[in-house]
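Just the one chain here, laid out as C-alpha cells, in the form predicted alone.
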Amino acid sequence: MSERMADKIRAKLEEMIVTGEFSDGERLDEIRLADSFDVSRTPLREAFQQLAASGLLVLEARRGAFVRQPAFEEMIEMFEVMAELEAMCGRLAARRVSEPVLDAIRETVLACEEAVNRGEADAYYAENEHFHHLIYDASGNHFLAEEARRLHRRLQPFRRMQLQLRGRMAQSLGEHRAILEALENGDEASAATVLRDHVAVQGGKFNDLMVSYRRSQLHQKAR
C-alpha cells in the first residue's frame, strides 16, 4: 500500500518540480506535504528517495530534501548522450541478442500495445522501461548497460512526462515495433538509427510539453 502511495506522490511531486511549481533549491516541507497528501511521512520519504535517484531532489542529512531542476542546456546534453548510448546498445544487441531475450522484448511490445489501447500512460511507461532495459542487457556489454541504466534513471521523469502528449504513446509504440524489427533482422545500422531517433523524439516531445505548460500558465495569469 505504501509503495503504491509513494509512486502516486512521486508522480505528483515530479510534475510539480518539472513544471516549475517548486523553485530550484527550494526545501520541501515534509509536514505540509504529508498533510496535503493525507499520508504519513513514510510514503513521502519513499517518494523523496525515488526523486533523488532521478536527480530531481538532493537529500541532505538533518536538513531535508531540496529541489534540483536541471538547466535546459543540461537536459539537451543528457538526451544527446542518452541517444548515443541507446544507439550503441541497439547496434550491439542486433548482433548479440538471443532468441529468449527477443521473445521477452516481443512481450513488452505487446504489453505496450495493450497499455495504449487502454490509454494507461503509467502502465505503458513501465513496459517501455522494461523494453529498453532488455536491450541494454542484450548488448552484451555490462559497462555500457550500467551507464545506460544510470542515465535512463536521470531522464526517467522527462521520458515519462512526454507520454502525456496526445498521440505520443501510439507513436512511441510504432518506434518500438521498428526497433524490434531491426533486432529480429540482425540489422545493426537500423537498430542504432531507430533507437537514436526514438530518444531524440522523446527529448523534442518533452520540450513541446514544457512549452504547452508555460503557455497554459501564462494564460491563467492573464485571466
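Keep in mind the model is a prediction, meaning the values are calculated, not measured. Just count from 1 along the sequence shown to find any residue number.
Although it is not shown, the form predicted together with the DNA is what the next lines describe.
Of the stretches 29 to 37, 193 to 201, 173 to 181, 159 to 167, only 29 to 37 has residues with a heavy atom within 4.5 Å of the DNA in the predicted bound form. Contact annotation for R68: none of its heavy atoms lies within 4.5 Å of the DNA in the predicted bound form. When the DNA is considered in the predicted bound form, G186 lies well away from it, no heavy atom lying within 4.5 Å. In the predicted bound form, at least one heavy atom of G64 sits within 4.5 Å of the DNA. Between this form and the other one, the CA-CA gap for Q50 and T108 widens by 3 Å or more, being larger in the predicted bound form. Note on P157 and L33: their C-alpha atoms are more widely spaced in the predicted bound form, a change of at least 3 Å from this conformation.
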